[in-house]
Structure formats: C-alpha cells, structure tokens
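Given as structure tokens, the chain that follows is alone and in the form predicted on its own.
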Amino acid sequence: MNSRFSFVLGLSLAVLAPQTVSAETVWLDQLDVRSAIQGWGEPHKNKSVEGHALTIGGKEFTRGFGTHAESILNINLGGGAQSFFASVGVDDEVNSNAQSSVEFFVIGDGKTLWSSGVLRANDAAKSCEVELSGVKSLTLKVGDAGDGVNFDHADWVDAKFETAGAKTFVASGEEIPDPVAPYILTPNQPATPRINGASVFGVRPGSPFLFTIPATGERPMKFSAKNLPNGLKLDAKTGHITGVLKTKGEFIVTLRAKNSLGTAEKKFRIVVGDQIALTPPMGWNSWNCFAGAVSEERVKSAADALVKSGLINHGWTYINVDDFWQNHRDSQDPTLRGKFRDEKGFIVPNSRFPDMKGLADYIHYLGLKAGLYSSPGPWTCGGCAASWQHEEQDAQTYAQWGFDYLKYDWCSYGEIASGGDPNAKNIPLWGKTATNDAGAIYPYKVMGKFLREQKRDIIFSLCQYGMADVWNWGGSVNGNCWRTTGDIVDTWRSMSGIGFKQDKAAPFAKPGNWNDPDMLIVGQVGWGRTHPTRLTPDEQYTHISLWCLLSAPLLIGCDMTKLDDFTLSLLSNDEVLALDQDALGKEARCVLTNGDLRVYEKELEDGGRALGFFNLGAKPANLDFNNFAALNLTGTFHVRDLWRQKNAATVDTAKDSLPLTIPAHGVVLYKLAPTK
C-alpha cells in the first residue's frame, strides 16, 4: 500500500450537500466527515479509522470523527459558529505502538487558533476549546508530528459547535492551495528514432527473458539487434526480445530502431548470472490510486494506458497489483468474500481477479511485466489472506501464474514476531515493529529462498519500513529493493521529510540492491477516491529529480487513465530518468548544506557527475555557486540542464561560478561532464 501502514480509501475533493441542524449545538458527526483528506484509511463517523469504537487513553467515546494523519477537514461556517469544543488523541487501536505521534490543529480563516502539541499512544484525550466568532472557514487538521504517518490513528471526539441558532455548515475535504500553474520543462520528443532506458539487463540462467526496447520516434518503427545471443529472438515490429539463456555470461548487443526519418543505435549489455534488477525497477503500482478498489479491469486499463501514453518507450516496465487481489477476512463486499485457500492450501484470488495467469499473460503480451503483493503474516495490511505458513506454495503459485515482482509487506507479521497468536481471528493488521534483528529478517529470508528456487526471475521488494536497518541485510535474503521509510503521502512535508533523509542507507545501494523511499505521488492520486496531487509543480520537479538521484525504484502511483500533459512530461524526460537507470548504480548523497540549500551529487558510469541543487525554503533562491572544492571537482566541465535537455554552460572550477535561480521547494538539475 503505499505501503502500509496505509490503507487509504478516504480522499475526496467533493463538496457535499449542506445539512441544516435546528439545534444550537451542531455536532461534528452531523456533518459528512467522509469528505476528509487523509493519509491512510477511511474516515469514519463515530468510529476509529479502523472502524472500532473511539477509544483514547483507555476511555471510550460515542461521538466523533476517526481519521489518520495527515488529515484535513474543511468546514464552511460562514461566520455562524460561536465556539468549537472537542477532545483529541491517538486511538487505542494502535496497540501502544511507539511510532504513533500526531498533532491536532484548529485553523480559522488561515490562522492557527489552537494546537494540541505532540500526542502519542496511551496519552489521555486532550481538551480543545476555541472561540470562533466571525470565522468563515474552519480547518481541522492532524499532522504527523514530523516523524512520518505510521500508526497515526487520530480521533476528534465529543466534537461540537455552539451557535446562536440554527445554522448550515458544509464539510469538505477540499484543500484550496495558492494557484500555481504547472510549467513543462521537458522538450517535445523528436520524430527521429531514439533508444532510451537502461543500458544493462540482468537475467538468471533458465529464466524467461522479456525486454522491450524503449524507443521514441515516429511510428512505424523497425527494430533489429546485432550480436543477439542464441536463445533470444526479437520481434522487429514491437521491439520485444524474448526467449531463454541457459548459461552464465555477458553479451554486448547493438540495438537498432529505424523509421522513415533515420536510425538510432545503442549498446546494450545482457548479464546472465545470479543477480537481477541491475537498475532500479520502473513501473506502476495500484495502491496510491485504487487501494482496496483494485480489479483486473483496472489493472489492464493501467497497462493499456502505460503503452498508449508512450511511457513504455521511456523504460517504464512493471504493472504491479497491490493489496486486495485476495479474499478478505471480514469485508461485507461480496467481491472480497470467498475461501482463502483451496483444499491443497493454494491461495485463491477474489472474484475481481478471475484469471491471474491470464492477467499476467495480458501484461506480458504488451511487452510489460507483472507484479503482485502479499505479507509474511496471516493477513495483509488491508485484511486479506497472506502468506503465513504457505510461503513455498505462494512462491510457486506466483511463478506459475507468470508474475515478475513481489512486494512483501510486514503488517500482521509484527504480532507473530512479538509472540502473538498467529491463528487469532482478529490478529491486528498493523502489528508491532520487530524487537530484534532476527525477528525482522526471518520472514524475508524464508520467502526470499522460495522465490529464488523458482524458474522465473521475480524481483523481491521488502516492505518493512526500514526496520533493523534493512539496507544492511536486505541483499542477503535475496531482496532486490527495500523500503527505508514509512508511507509517503502527497504533501511537501511527507515527500521532503522522506527524500532528504536517505544518506544513511546510500552506501548500500548497488546493482541488484536498491533503497526504496516509497512510490511516486504525482498525477491523480487518492487511495480510492482520486484528486490532483497536493504537491506544487516545483515540488513535483523536486520529487522526480531527487528519486532519480537516489537510484530509487520508480513506481507511478497515479490513475494512468487520467494522465495530464504535465505529469506525462515529468515521467518521460529521458535525461532525468537516465540518472536513475545509470549502470554504475551509485546513490546520490547530500554533499553540501547551506541554510535551505541542499546539494546532492551522484557519480555516473560515463565519468560525469549529476548535481541536484535543492531549495527547501519557502522563497526562491538566487546565487552564484562556486564551491566546487566541496564537491571535489577540479577542471573544466560542460554543464547540461537535464530537465530542459540543453547545454547550460562550460565552467572552469578554478575561476568560474554557476548562476542559479532555484524556485521555492524547487530544484536545478545539472549533469557535469569533463571537457577532456
């Protein structure tokens, strides 16, 4: 899910019909709180975010609003309220988890009128009383207290407005930011052929081979390959390379793409050996837009859109089904009800996914690869059947169906790791974190072994939020990428708080092993009910630039059928994506900090350096940068602006400077190549 501790079905931008209440007291639960924007789960009236009774500090409440950080509920008061009363706190359903910390805010007409300070699990409810005379617009906000949104289950209880008489209040999740028009930096693609994407590809001996040559340019286009090894064949029309290579070795192939306007060539290295994912995986995941509403039809539509949009021609490859393809333990939705496993113990998909092998075959036919989701516990984060005590069977099943990627999410295994009863019917879905390294490592070691035994390459994505410094051991359990952080949501605070705190894990990134700061939050996202990302255009440029510098897995989280031109431009800049797919596999690190300025440097296979100049401040920054000594750069360099795909300057580090204008929360992304 955006990986869990996120079950985010609750986002909405709709302004709901007003309700008129005749009493002088208007209870918050009399408004339609379902319109709240929140970072996980579904907003509930008079229940917690998980649907339980509202309970804070051991005390139960009958009225209120259960939500999850980061949460926003806007209420149009029209000046008709005199005061607001509530009690707030972390719901007891988080099981005393130490990661839970939130802060509540009451904001009137843009001004903070009250804040709770940081509240944690087991804290008693804190009282709130706010004078509202004359306030037209009220926002009830829950922040993550600066440490991520994991386990941030928040309750507004006994919440009510006092009025001078009958009033009409309108609740809405809509957040109205300052309007900022998106601006496209990525140039239009030329009509002449150009081969994009990674220059290296890893496959194990005997595994099915599938690679689609990512080439832009006018169609029709004819593909060919020089020195293609025996065992592989190329479809000249589609550019799909398929087959099987049985013995270890390396092959240098020359890929060609030809249309009526010219021919493009690119050297391509095929490595047949023990390691796959020699560059970070790129693709799409269903969670950040569909969450628990995912279906085979929606997954196929996403695959079709990835091809139709042309993103397949820029190296985007994977179509990953996240949670809710299995049957659910207690859902009332008939499409999620059914037996979890057959008589022999093999997993049974729900009725939304009638043919899993057929789905994988469909995705492969398009030249793409297919991914799936499970958990080492008895239940997934959403409450569906998971892999506990069926790891070998599930690995075999995924391979037989033809899936190429597995995201394996911690969730309910936390209770097992801490000695809980794995057979308990109501085992908490979001259990405890690991208390020791062995508890954190063991379930991933088990599944990693069984995936490795399959005669199919399956990327193993460890989703356990960075516990036990996973970057130290993820590769040893056959992991190819691993989450280093909690879940991301589409706010500047969340994205920047994650992205700019990755240096600790950076030394462990290498071909086949990638640190994962979570999925992309551009485009139409919403975890069930979509809305345009809350990131500004400049923040989105920062997001994509930083993730590419970090050599992160790039998984699009938006509704692929609603791609706008700006989002498409973010995801189709080949010079920016080339940083992520660089064969050297070095992760950028912050090499210079000056106030709100951060400079990230990434070594590249061709001897060049990528530099990201980031402005974390709220105002544009103008400077002449000449501190090349801090970057260990000496000599003369050609400077290329990667977003604009044009040469920006030539600098002599001994005497020249780089003039920079960096937007607020924005970036300037350059590549420096030695002139000699």
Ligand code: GAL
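Remember, it's a predicted structure, so these values are computed and weren't measured experimentally. Note that residue numbering begins at 1 and tracks the sequence as displayed.
Quick note: we don't show the form predicted in complex with the ligand, though the next part is all about it.
Is every one of Phe65, Asp91 and Phe151 within 4.5 Å of the ligand in the model of the complex, counting heavy atoms?
-> No.
Quick one: does Met447 come within 4.5 Å of the ligand in the model of the complex, counting heavy atoms only?
-> So Met447 does not count as contacting the ligand.
Heavy atoms within 4.5 Å of the ligand in the model of the complex: does Asp322 have any?
-> Answer yes; at least one heavy atom of Asp322 falls within 4.5 Å of the ligand in the model of the complex.
Consider Trp482 of the chain shown here, and say whether it contacts the ligand in the model of the complex, taking contact as heavy atoms within 4.5 Å.
-> No, Trp482 stays farther than 4.5 Å from the ligand in the model of the complex.
Hey, in the model of the complex, does Cys381 get a heavy atom within 4.5 angstroms of the ligand?
-> Output for Cys381 is yes: heavy atoms within 4.5 Å of the ligand.
What stretch, of 482 to 490, 449 to 457, 136 to 144, 301 to 309, brings heavy atoms to within 4.5 Å of the ligand in the model of the complex?
-> Only one stretch passes the 4.5 Å heavy-atom test: 482 to 490.
Just one of Lys602, Lys407, His543, Lys369 has a heavy atom within 4.5 Å of the ligand in the model of the complex. Which one?
-> Only one option qualifies, and that one is Lys407.
May I ask you to choose, among Trp156, Tyr398, Phe84, Tyr373, the residue with a heavy atom within 4.5 Å of the ligand in the model of the complex?
-> Only one listed residue qualifies here, and that residue is Tyr373.
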